[in-house]
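The chain that follows stands alone, in the form predicted on its own, written as structure tokens.
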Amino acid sequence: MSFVSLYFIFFIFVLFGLYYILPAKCQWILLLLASLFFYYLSSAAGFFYVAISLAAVYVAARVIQGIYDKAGKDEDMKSLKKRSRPVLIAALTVVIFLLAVSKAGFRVTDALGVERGQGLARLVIVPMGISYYTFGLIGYLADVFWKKDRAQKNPLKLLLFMIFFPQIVEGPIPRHKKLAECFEKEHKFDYTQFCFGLQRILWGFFKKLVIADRLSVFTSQAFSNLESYEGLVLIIAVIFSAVQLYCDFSGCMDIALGVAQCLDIRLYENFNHPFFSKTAAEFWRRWHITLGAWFKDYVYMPMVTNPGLIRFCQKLKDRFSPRVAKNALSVIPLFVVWLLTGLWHGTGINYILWGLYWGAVIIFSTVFTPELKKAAQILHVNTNSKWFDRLRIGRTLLIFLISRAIVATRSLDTCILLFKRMFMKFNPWVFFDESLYTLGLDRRNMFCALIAMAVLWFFEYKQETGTRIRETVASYNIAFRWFLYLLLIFSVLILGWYGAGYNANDFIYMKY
């Protein structure tokens, strides 16, 4: 079942009605049944993976919790962790193995193509949301192991944490302690919050159907026929691809968070206007926020505080300098984090290069911060000026566009071909000879896409500068407020891309 289908709209409104009728103690059961139904319709074969992951993690967490609870007063934490570690490693091995098998299988069939990979595809199960619930389970196990959370006694509640339907499609990556507390609370109907949730769902539909799916027609045509295009056509395709990715992913997040808000459940924000970022590091604090936070908490920080790495950096300090040791302590974990981030997004060489590219950019800015500041002083650059901030935003956007070009075509060979053909010819006449309208979008649809992107930028800019859009709309009189609601609804219904090639099941990050 796709988020952008009439079936889903009917499904959530039936759920909303039942949810607020039931007693508080039964609400989580309804959410579990709804999530199981949603998952069955979307990825029934994936239940095999879900069941094994659930069993492994549930048993491991309960065993670890039991070791801690039965510990004597004289036992120190170090010995308790030593006893718990084999259980932790066993469970992690199971869930990571399942994730690796599904992702590797998907990439093989994806690389072979529909016809060549057909036979293998029958043997490969790609459960919906496996990356998201696996990372959630790994975080949960680690938190129990570190005594930041307690093991869930009820396996059905742990199952709900895994496959809660708004977040199973593309995240956000959940944290057990917060979400479990939400499921335990009584949820009463709040008209204002319910309206805010519906507004956010509508905005997600606008991003997905009006912008992302429309731009995908142009980008698919360009990237699948690289030999036919060159110069500015491909540069425009890369720009459109970046906007498409953002609107697809953040649109899905708006729908997910909007549905959860209607249910009086707060999920983590996953985007915070990333295209206004001034640095690459800031960009990743605003884009896919929960993924970056997960890697920071469960990979970066454990490595930074690892005694072995600290000892190694101390040797570097003694042999070279404190600065070398300090940089090594951050550079080594950053390298590992970005290598893993690339592998999370895909198993192809270009995805590994994508991860290393982002890692190199962030590591460079981290290591050479003093030199960059000194260069700015020598050149008398006013780093506090608005023009300098705009320059930094433009630079970050360029960094992102380059990264998008690396993975837009999904293979290293086509990636190299894309970069070659982008700079083969400077052809500004494409803006005037109507050749841009031969890539699937005619003049009317191209104009619609540009206007929709301008509307998106306007609202993102207003939010970035502090305007609370939903609260502002709620303050208007009812006639004007409903005029805006109906305008958005009819924009989605009339301007949404429902033509040839439309597939309501395709969300880009469902494959991660």
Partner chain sequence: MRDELLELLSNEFPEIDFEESDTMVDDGILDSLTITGIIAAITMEYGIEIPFEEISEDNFNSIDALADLVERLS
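The model shown is predicted, which means the values in this text are computed figures rather than measured ones. Residue numbers count along the first chain shown, from 1.
Below, we turn to the form predicted in complex with its partner chain, even though it does not appear here.
In summary, among the residues Ile89, Met301, Leu398, Leu372, the only one with a non-hydrogen atom within 4.5 Å of its partner chain in the predicted complex is Met301. The partner is absent here, but in the predicted complex a heavy atom of Leu334, alone among Met162, Leu334, Cys415, Val259, sits within 4.5 Å of its partner chain. In the predicted complex, its partner chain lies farther than 4.5 Å from every heavy atom of Ser84. Within this chain, Thr305 lines the site of its partner chain in the predicted complex, having a heavy atom no more than 4.5 Å away. Among heavy atoms of Asp264, none comes within 4.5 Å of its partner chain in the predicted complex. Interface membership of Glu230, defined by any non-hydrogen atom within 4.5 Å of its partner chain in the predicted complex, is ruled out. For the three residues Lys296, Ile310 and Gln314, a heavy atom within 4.5 Å of its partner chain turns up in the predicted complex in every case. Stretch-level contact analysis of 178 to 186, 222 to 230, 151 to 159, 74 to 82 against its partner chain in the predicted complex, using heavy atoms and a 4.5 Å limit, identifies 74 to 82.
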